Each structure stands twice: as C-alpha cells, then as structure tokens.
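Presented below, as structure tokens, is a lone chain in the form predicted alone.
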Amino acid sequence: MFSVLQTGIQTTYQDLGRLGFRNMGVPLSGVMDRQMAQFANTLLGNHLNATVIEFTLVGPILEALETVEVVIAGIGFLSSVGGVEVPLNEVVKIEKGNVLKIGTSSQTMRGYLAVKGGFDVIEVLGSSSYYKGLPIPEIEKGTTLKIKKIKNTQPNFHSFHTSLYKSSDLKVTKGPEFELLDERLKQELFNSFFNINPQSNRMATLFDNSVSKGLKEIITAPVQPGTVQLTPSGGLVVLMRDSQATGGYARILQLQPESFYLLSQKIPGTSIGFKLI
C-alpha cells in the first residue's frame, strides 16, 4: 500500500477503459497512452488491463506502507526513492517506509505508475478508470492506495523506444465527411502544422490555429477517441479518451492508435501535422 503525501496533477486511476456502454452515453475513458501503460504492466508480469495511476506533467509523492515493486513509465520525469534517483521504465523495489517522489517532465505530458499486482480499485461498469460522475474514488492527499495480492508471475522484458515520441506526424485515415472537403482545404490540412492549445484535456485536444474555412454541422453521429472534427469556423478538434459518444461536427479524419498515443503525450505549445495513409 501507499499513502498519498501529494497528488501531482490530474492523478487518476485508469485501466484500458470502459467498453460496451457508449450507447448509454458513457465514455470509454482509460489510459491515454496504452503503449506506455501496458509496457509498465508487462514489466511487472501484470495483466495488461491491471489498474495503473496516470499523472500529468508532475507525478505524486507517495509513502510506501509495505515493500512493493513498481514501474514508473514515462519520459523525463525525474523520480526518486528516499531521495535517491531511480530509473524510469524499469522495475524498482521500494522498501516499507520509503518515499517515492515523481517530479516534473518538460518532454511529455503523461506518465504511469504501475505496481506489481495492480492497484486495488472498485470497478464500475467493468472498469476502474476514473471519470467524473462515476463512483470511482479520486486520488487525494491522505488517500491510501491499495494493491491487489497476486501469485508470483513471470515478467516480460520488452524494450521501450522513447524515440517514438519525437515525431510530429500524426497518421490518419479518412473520416466519414472527408470527401466534403474541397481540394484546397485538403491541401491546407495536410501541409500545415497545428499548435496544441493549453486548454486541451482528456476529452479533446484543441489547437491555437485553424484552417481557412470549416464545414456545416452534421446530424449528430457516432464519434470515438481519435476522431478529428472540423467546426464551422475552421477549428480542429481531436477527441480523446473521455470524449462524448456522439457529435455534430464533421468527422474528417481518424487517428491511428500509435498516433493517438503520440498526441496524448504532446505538451501544449508543440506542433503536429496530419499525414494521410
């Protein structure tokens, strides 16, 4: 178990998401960067869907109430145990009474803390992923983080290539309303770079700049994480893990999974481009 001394920013329980309830308006939720979270669970021999803690830009400070093994998955998060720096993306043993501090990162948005066995959290609609309005507990100062007890498992040692996150190209396929774009607008879309707005969050990624013109709203239709919408004013919106199930803006593109993970790690102010495949 851990006791939370400080929470960090947007520190929440997440697994791979809440499937099968979007017809009721319940978002998928789940980790923003599946690649990174699954990597952490794999190193510990956990199930890929084991609950982890996701944090944004700065991680929590936790006191170990028992000896545990963890993986801090991320890029650039300076982390220490008992004041001694520990590596990211490796299994770290924390003795009872020691304090784990996960600092800030200027390289990526999100990191993950996985613990051997996974965090023990109530499931709601088949998932432990936090979403405001559902009775998944918030992680607050003073919270006790419980850990599931499992038999010894065999970890899998996979490499983790941080270079994957250096790209600025988001690979996309055509969305249902793509052909409503004229050729000039298509060229503008694929030959421009778009700067990520600080108001971006787990619901949607927004951009500071827009294209020269938009499309009229459509009859409300299904959307999903990774859907790129074009507003009537020319603004672009990329829906993320906590997005709604339907929307009325034109669905012009759809991100590939790897590009979704890449976008989820881009810090506000950085630029991306769309690459049609």
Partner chain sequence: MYPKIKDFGDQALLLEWNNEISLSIHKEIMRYKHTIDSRFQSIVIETVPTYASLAIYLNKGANKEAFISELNSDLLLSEIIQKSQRIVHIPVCYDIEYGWDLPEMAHKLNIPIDEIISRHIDQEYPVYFLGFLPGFPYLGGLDSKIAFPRKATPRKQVDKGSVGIAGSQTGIYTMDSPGGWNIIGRSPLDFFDASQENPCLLVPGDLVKFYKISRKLYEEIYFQVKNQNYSLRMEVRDV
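Positions refer to the first chain, counted from 1. In this text the structure is predicted, and so the values were computed from the model without any measurement.
Below, we refer to the form predicted in complex with its partner chain, which is not included among the displayed structures.
Looking at its partner chain in the predicted bound form, residues R22, E177 and Q256 each place a heavy atom within 4.5 Å of it. Checked against its partner chain in the predicted bound form, the candidates P87, G83, G97, G133 yield a single residue with a heavy atom inside 4.5 Å, and that residue is G133. For the options V124, L164, L78, V91, the one in contact with its partner chain in the predicted bound form, meaning a heavy atom within 4.5 Å, is V124. The stretch in contact with its partner chain in the predicted bound form, judged by heavy atoms within 4.5 Å, is 215-223, chosen from 47-55, 215-223, 66-74, 229-237. At the 4.5 Å threshold, heavy atoms of T173 reach its partner chain in the predicted bound form.
Among residues of the shown chain, S210 is not one whose heavy atoms approach its partner chain to within 4.5 Å in the predicted bound form. Using a 4.5 Å cutoff between non-hydrogen atoms, L28 counts as a contact of its partner chain in the predicted bound form. Counting a residue when any of its non-hydrogen atoms is within 4.5 Å of its partner chain in the predicted bound form, the hits in 233-261 run Q244, A245, T246, R251, Q254, Q256, P257.
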